[in-house]
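To begin, one chain is listed below as C-alpha cells, in the form predicted on its own.
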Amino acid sequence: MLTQNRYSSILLIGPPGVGKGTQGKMLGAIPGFFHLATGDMFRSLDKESEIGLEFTRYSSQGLLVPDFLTVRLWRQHVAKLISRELYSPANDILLLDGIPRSKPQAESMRECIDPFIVIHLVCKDIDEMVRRMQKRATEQGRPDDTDESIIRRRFEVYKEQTAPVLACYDDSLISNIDALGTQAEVLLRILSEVVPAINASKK
C-alpha cells in the first residue's frame, strides 16, 4: 500500500541464517504481501556483468555490498516489479528482507518506504545458525555459505553494520521474535505481531 508516496513496508531484520528468507517467502505467499529479498535480487544479476562481478567480490569475502550501489539497484528493481505489474504499491505490503542493512541505507530509504513494523528475528545460538547456513549452502548451491570462517565474518559484519539499523526506528515499531523452533511456530509468532500492526496502521 502506498502511504504519502512511500511504500507501506514490513522490515525483516536479523543475523545471517536466522530464517528471514524462509519466513519472508511464507509471508509473501499470503495475498496482499510482496516478499522482496535483496539477496535474491543480487544473485539474479548477470555474474559476468560489471555489477555482478562487484557483488561477487564483496559476497565472497562475507562483506556487504556498498550502500549506494545496493539502494540504487533496489530502486531499479522495485521500478521493474511495478512496471511488470508483479508488485502493486496501492495494494501490497512490501516485506523487505535484507534491506536496509546499514544506517546510511535506512536514512536514504526514508523517502521511499514507510515501515509500520520491524520484525527482529533473534537467535542466540550462533552455532545453530552456522549449521543452518551450511545446510542451506548444500541445498541451494550458495558457495558464499560453505566456508565457516566467511559465515562467522558475516556475523561480525551484521553486528557492526546491520544491528545498529534498529536504532533508526522507534522502539514501538520493533517486535523481537524468537527464531528458534519449527518454521510454522516462528511464522505464528510473526503473524501474532503483524496482524495487529496492520489493523492499527489502517486506523
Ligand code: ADP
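If you're wondering where the values come from, they're calculated on a predicted model, not measured in any experiment. Note that residue numbering begins at 1 and tracks the sequence as displayed.
The next section is about a form of this same protein that is not shown, the form predicted together with the ligand.
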Using heavy atoms only and a 4.5 Å cut-off, decide whether all three of Phe42, Phe55 and Gln105 touch the ligand in the predicted complex. yes
In the predicted complex, which of the stretches 62 to 70, 23 to 31, 168 to 176, 44 to 52 has residues with heavy atoms within 4.5 Å of the ligand? 62 to 70
Answer with yes or no whether Arg101 is in contact with the ligand in the predicted complex, where contact means some heavy atom within 4.5 Å. yes
Wondering, does Arg152 line up within 4.5 Å of the ligand in the predicted complex on heavy atoms? no
Touches the ligand in the predicted complex: Arg136 (any heavy atom, 4.5 Å): yes
Scan 10 to 35 and write down, in order along the chain, each residue with a heavy atom lying within 4.5 Å of the ligand in the predicted complex. Pro16, Gly17, Lys20
